[in-house]
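For this one, two forms of the same chain are given in structure tokens, first as structure 1 and then as structure 2.
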Structure 1
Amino acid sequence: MSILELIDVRKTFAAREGAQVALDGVSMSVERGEFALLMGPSGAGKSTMLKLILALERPDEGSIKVADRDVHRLTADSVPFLRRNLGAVFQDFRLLSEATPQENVGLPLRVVGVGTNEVRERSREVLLRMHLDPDLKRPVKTLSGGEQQRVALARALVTDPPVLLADEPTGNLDPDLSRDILDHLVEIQSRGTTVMLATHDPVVPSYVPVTRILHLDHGLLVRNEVTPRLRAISDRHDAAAAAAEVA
């Protein structure tokens, strides 16, 4: 069963020189439990695709489904509940610049009313996993780009979301740290989270055991390449589903 699905999605942005096409009739789907890579040159439409899935932008045409529900048919009141299931790392981080790392990471928990102590515990724990000092009392804006990126990733993971959408989550990291974070994402995926990662770092596909590579170029999906690992993933999920049915 696909967890993310785009059907003939077209998205243009109004620009002074006329309409700027960001996605041009893209169809694709990602199965539950996959590690999908979204690749392509700058301006190809990677970030736009992730924003459409998060219902931060509306498509001009076509539909986008998360767990078989059309996200752009959701009422304004149910969109937040969609976003709570989609951990997201943005290319520009989108952190509260005046708040500390811990306050930033705790935000998705605050939103759902988790108590202060639990928020602190869980935020500290994810920050540690991201190799950050969990008790740093500085505002996030004083952190380095790589540190901010890891705070953003920690915030996306603190709720253990079933899906993680990460836009260039290693773009600002040195090779060692980058590998470490990628290892972490692989581990998360191995525990069942669906990961979709946008990057133009050509090293990533050779380092990460991905299930699928989506190539975008000028808004067109030019290649949808499935790796042998996808079989293993779908077998595992089929087995889990069968087991659930038997039980």
Structure 2
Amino acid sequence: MSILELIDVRKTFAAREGAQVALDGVSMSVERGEFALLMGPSGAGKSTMLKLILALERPDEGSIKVADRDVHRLTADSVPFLRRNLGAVFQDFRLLSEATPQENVGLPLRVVGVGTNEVRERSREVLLRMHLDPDLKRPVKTLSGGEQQRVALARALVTDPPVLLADEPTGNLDPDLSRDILDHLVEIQSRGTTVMLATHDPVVPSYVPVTRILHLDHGLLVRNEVTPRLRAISDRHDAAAAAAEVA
């Protein structure tokens, strides 16, 4: 069952030399529980696709559905739907540099009106999962790059979203820290979260349990390849659904 779907999505940007096509009629879907890789060189359209899914940009044509709802047809009152269903982590972290790790992680919960005590408890829990001190009072700007990325990952997970989007999350990290972040993403996917990781690193496919490889080139989806791991996930979901019907 698809949790993420793009249907004939097209996006262009104005440029001095004329309209620049970022995505050109892209259609694809990702099932629940997948670990999908979005690959391609810089400028291929990977970041644009993720921004469209997150409703940070609007498509010129086509539709984008998360959990069967078109994210670009949601009203302002439906913003909590996106907050609950989509987590995102970026190469440049996008943290509040003067805030503490717990303040950063709690922000998505405060935005949707979660109470102070629950914000504190859930922030502490997810920071501990990322092997970070939830009581640290230092601003995140004093942390290492790897620690900042783990704070950003904790912030993306604090709402317990079914889908996590990661845009080049290891791009600014050394190899050891990159493997640490990838290990966290693998662990997150093993808990049932659907992960879509955008990367141009050719080593990543051999390090994570990939179910699908999506390859963009000049805005075109030129490859949509599933792996045997996807069938195993689908079989588990079918068995779970059958058991639920019996119950």
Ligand SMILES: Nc1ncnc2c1ncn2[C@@H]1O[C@H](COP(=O)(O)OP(=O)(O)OP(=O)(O)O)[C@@H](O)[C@H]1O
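Here the rigid core means the biggest group of C-alpha atoms that line up within 1.5 Å when the two forms are laid on top of each other. These figures come from a predicted structure and were not determined experimentally. Structure 1 provides the reference sequence; residues are numbered from 1 along it.
- Comparing the two isolated chains, structure 2 is the one taken from the form predicted on its own; structure 1 is not.
- Splitting the chain into two rigid parts between structures 1 and 2 leaves residue 112 and residue 129 on the same side.
- Relative to the larger rigid part, the smaller one turns by 16 degrees between structures 1 and 2, according to C-alpha superpositions.
- At residue 149, the distance the Cα travels between structures 1 and 2 is 3.3 Å after the core is superposed.
- The two forms line up on their rigid core, and residue 121 then has its Cα shifted by 5.2 Å between structures 1 and 2.
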